[in-house]
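Shown next are two forms of a single protein chain, provided one at a time as structure tokens under the names structure 1 and structure 2.
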Structure 1
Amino acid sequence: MNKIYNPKPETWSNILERPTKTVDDIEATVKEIFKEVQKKGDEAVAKYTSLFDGVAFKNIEVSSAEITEAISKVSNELKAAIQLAKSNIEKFHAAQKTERVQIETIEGVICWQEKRPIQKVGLYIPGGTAPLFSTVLMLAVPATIAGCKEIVLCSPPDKNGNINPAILYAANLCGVTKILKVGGIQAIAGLTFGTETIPKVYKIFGPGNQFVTVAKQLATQFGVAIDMPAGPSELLIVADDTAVASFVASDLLSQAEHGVDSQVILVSTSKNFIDAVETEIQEQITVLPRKEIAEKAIANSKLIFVENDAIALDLINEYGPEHFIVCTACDDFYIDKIENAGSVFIGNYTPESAGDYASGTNHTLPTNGYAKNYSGVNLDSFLKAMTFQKISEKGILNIGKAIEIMAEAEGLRAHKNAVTLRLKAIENEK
């Protein structure tokens, strides 16, 4: 890891730069695949699945028989763990429900807001070397609680044309309505336009590599919403001598093993602690099955020393981490003043892994600095807020004159007339 001591604020943007490709590098590829999927549907999806995933099959929809077989392959121990995680995620997201908000803004004018589910949602679940069945829980559970009618899941197949059994088990457990063996850009394009097999959806959720991230952003140009620009995983830890170096090192490595383009950062007010963490990383990384991946991610990562907590906080808010672990003598200082972070983990016994799996919070979070302006996935992500209003004769009398004046001032005579006619009708009735 790169050690940096007392970096000046004017250098922070360079020091904290993410190891990601620019959109220009991959946008042309994404646009080409989108265009072909829009025109040729399943034929184009099959072409790119063969090209990128090395597998070809006629039917990309997972059958009930495949789901049954997958369930039988998942150990009882893993099933129990998934069920525990699902229960906690359900509790936390169900608690986010809000009742109808209603108010009489002036006598005779009643306004209210209600939340309704997005009817059709697409869930993208990464596969590959780390099939993220936990992401199924994070997306399908709140979608089900929200009441989404169609929950379509796409996940890339393995070389045998199958989806990981744990993904299928979790999807079936959480009420997913359709599961498709397709990943990457072609999956996002399919959800955007719809094909003979892939339903068109109204909003797409889920993390992915940089190609998936750009594909999701392109989808918004075709009337499809997305949860957020969610790219390679990242973690920032602020810790001092009150933290346990081995714990901090394990947390940094837990994110580094996600992918070679992941980034982990330690910020500390103690040089000795930074040295201790570096030693722990060198020891722990040697036994990791995904050692090669972690080593490449660690090469993109930083150990940063700063003089005090105030400087540390400013640097962290500038970075806007996806995951933020706080383990210091003054945790409340960071908790109260952090402004830009996707999800916050506090204390020696709150590993980031807890949020990834079973504490109940959602692990689909904004990366690449988007924590400055995006929330992580939550129940409201699957809902739309609709406003209603009902105005009585007394109400239109109370606000009608103001509407007429404002409409006239904006030059919108028909707007004014819509009120004037009603006011005259009321006056004529008297």
Structure 2
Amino acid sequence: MNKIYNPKPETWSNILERPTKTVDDIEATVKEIFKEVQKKGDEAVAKYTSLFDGVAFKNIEVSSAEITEAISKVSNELKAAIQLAKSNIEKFHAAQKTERVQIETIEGVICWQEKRPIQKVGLYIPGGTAPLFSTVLMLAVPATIAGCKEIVLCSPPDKNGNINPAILYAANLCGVTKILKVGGIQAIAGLTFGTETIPKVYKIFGPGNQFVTVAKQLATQFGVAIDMPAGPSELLIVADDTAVASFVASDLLSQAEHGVDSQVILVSTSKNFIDAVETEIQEQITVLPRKEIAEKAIANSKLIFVENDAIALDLINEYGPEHFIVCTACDDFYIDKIENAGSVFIGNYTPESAGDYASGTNHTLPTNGYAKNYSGVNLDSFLKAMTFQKISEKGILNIGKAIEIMAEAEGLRAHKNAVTLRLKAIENEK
């Protein structure tokens, strides 16, 4: 752990620097697979599934029999936990619905904004050691509330050609319309171009390794939208002597176990507290099954002492953490003033895990400083705002002259003429 006392503002950007990855070598591979999937469809997908996942399929679509079997394999205890989490996520995302915004900007000119669902969305759920069924909840629940018609989930099969039962259970529970056993670059390419089996979608959501991340970026060059750019997960905690050192240490460790490149930062106005957290981390880390990963992330972690909360706030806003835990004597100060953060966790009994699973907020959040310019996934991520306007004769009389003058000044005579013709017609009616 790196303890840093009173760093000068001009050093913050160095101290807070995130690991950068070069993706140039990956990019060529991704482009090649995209080209092949675009051209050969399912055949290319099958080739790469065989190559990367080591399995061959006749049919990559998960059948209802497979879903039924998966449901029977998930314990009742886990089902109940998933259902509770789903209920909270549903409540919070349903609350984000916005009504039509309508106003008469000037007499006779009615403008409104309405949000309508993105018709076809793709959800990517990584495979590997940790089956991320929680991410299924975080993406499928708002997609269903938004009213997306096609919700296609792709997840790589294991060596036996199966997807983890908990993922299938959650997908079925949350309204996913099609589940496909396909992962990696070939899954993102399939969702981008469409194949005989994989539907082309308009927006792709979900986490993934660096291949998936680069593939999602490339997808945007072919007209597909993505949820947000990805990066390693990160947590910044601001805490003082009013916090509990063991709790704070457990939160830092829960971030550290995600991956060796996880970012773990503690900012405090108390040197004693920093020391106490350090001791707690050293104790707690010994019993973790993912200890090796956590140790590497912790080795890169930063424990930063600053003189006061105003300095802490400035530093935190410069960093823009994905997860931000506040546990101080002046929580309200941070809540009011935080400008850049993905999700904020307040007080001693609000661990990051709560937001990761069950509080109701979304865990798909902007990393890598993107909290400065991107929202985390929310209901609006599955909708697009459309505007409407209806102008009466009275309305065009009210704004027609201004449009004519502005169009003329921009040198767009046909724009002007579209108004002039209408004003003349109204004149002639009299």
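Rigid core here is just the name for the largest C-alpha set that superposes within 1.5 Å across the two forms. The structure presented is a predicted model; accordingly, all values stated were derived computationally and were not measured. Structure 1 provides the reference sequence; residues are numbered from 1 along it.
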{"property": "Identity of the form predicted together with a further copy of the same chain, given as 1 or 2", "result": "2"}
{"property": "Exceeds or equals 2 Å, Cα of N362 between structure 1 and structure 2, core fit", "result": "no"}
{"property": "Rigid core superposition, E196 Cα moves 2 angstroms or more between structure 1 and structure 2", "result": "yes"}
{"property": "Yes/no, T213 Cα shift of 2 Å or more between structure 1 and structure 2 with rigid core fixed", "result": "yes"}
{"property": "Per-residue Cα shift, F57, between structure 1 and structure 2 [Å; core superposed]", "result": "3.5"}
